[in-house]
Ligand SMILES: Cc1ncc(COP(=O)(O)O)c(C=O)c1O
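First comes one chain, alone, set out as structure tokens in the form predicted on its own.
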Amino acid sequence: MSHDGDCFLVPGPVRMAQNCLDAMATPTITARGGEYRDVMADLNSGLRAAFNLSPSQAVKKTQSWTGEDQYKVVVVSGSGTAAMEMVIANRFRKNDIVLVPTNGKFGERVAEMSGRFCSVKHLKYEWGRAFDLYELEQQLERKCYEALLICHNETSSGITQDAAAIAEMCQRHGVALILDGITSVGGCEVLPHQWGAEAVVVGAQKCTAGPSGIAAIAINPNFEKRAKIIAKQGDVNPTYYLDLLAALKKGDDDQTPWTPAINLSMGWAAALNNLKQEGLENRWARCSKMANGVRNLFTDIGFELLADRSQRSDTVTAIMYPEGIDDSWRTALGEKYDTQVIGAQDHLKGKMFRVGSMGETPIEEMIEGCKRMLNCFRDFNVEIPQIDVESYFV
């Protein structure tokens, strides 16, 4: 099979399937009637599948938001950043100390956000470099941290953290683990229950191929217990719209505390049903195959990748430009070849581009996109050998 038309290969927001778009075009319904509760039950069940939690029925009045593992999923009418803020603001007191190791822009955002609501020890590593697990162990041995927070999959630098090793340390030292899984949930292995994660966040527009502006949190009983204790003691951070306890009061009734993002919920539920049909592990495998193909293709022709080899992401690949090339190449790629990738951020701007391999992107689109990228580099006088691109994605 081949791919015609544009190639949209950015690491989110990703292209949405037609049934997702159609669902969002549904005429407006009331937020408090049985019809919307049906939508929420469908959405909750799909979210539990995406979070890799025990299943629930997509039927209202059946506690669709929870399951045998006792995790609950909470839908947030806001971006993934809003969901992360909800987690941090409701879980910690001002004098709680949290450990936040980072190796990219979005991890640094988690550290900055945490500093608004609690005390932060920020371990700032070079972008794309793996965390020093020995240093993390030393920090946790100090027994002063309430939690460790990580951006699990760092799209700014193309690296996925070793969550399993970090989770084991957290469990051994009695420290809560919080995951920003905005760009990993639904795209690569995330195991909340096995890792003992107290909270995991996902954004719809990334690996689950839903619309922008809606997100969700998976929380375990300990998170809920701690949030309630903090609130009862009057030590809670100021919140209103992002009051998690208000959301928990509505969850059993398949509702949200405030007016929900009705049509976005419909679209996301449709996208999550697509994920269910594909199968979570099958989606992980497809994203991994595309990322491996991109990595191997570009390294074989002499390009450098930013992230450490052992922890390169399966949902985005960060590729350094050859000498003499900058973002004018990316502009030409879009204008001449109808292909979109994304540039770098902050100090790497103009030095790197990033290729997304998430959502419902078919392998044929990735193959065609890579062919166009190579041709565009040739237009910029970069020596690229004739190469069998398809062979990298078998």
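Residue indices: 1-based, along the sequence shown. All values derive from a computational prediction rather than experimental measurement.
The following text describes the form predicted in complex with this ligand, which does not appear among the structures shown.
Of the candidate stretches 165 to 173, 141 to 149, 200 to 208, 120 to 128, only 200 to 208 has residues whose heavy atoms lie within 4.5 Å of this ligand in the model of the complex. In the model of the complex, this ligand lies within 4.5 Å of some heavy atom of T183. Shown alone here, N153 lies within 4.5 Å of this ligand in the model of the complex, counting heavy atoms only. In the model of the complex, at least one heavy atom of R109 sits within 4.5 Å of a heavy atom of this ligand. Using a 4.5 angstroms threshold between heavy atoms, G104 stays clear of this ligand in the model of the complex. Interface residue among P192, G267, G158, G80, judged by heavy atoms within 4.5 Å of this ligand in the model of the complex: G80.
Within 4.5 angstroms of this ligand in the model of the complex, the stretch 158 to 175 places no non-hydrogen atom at all.
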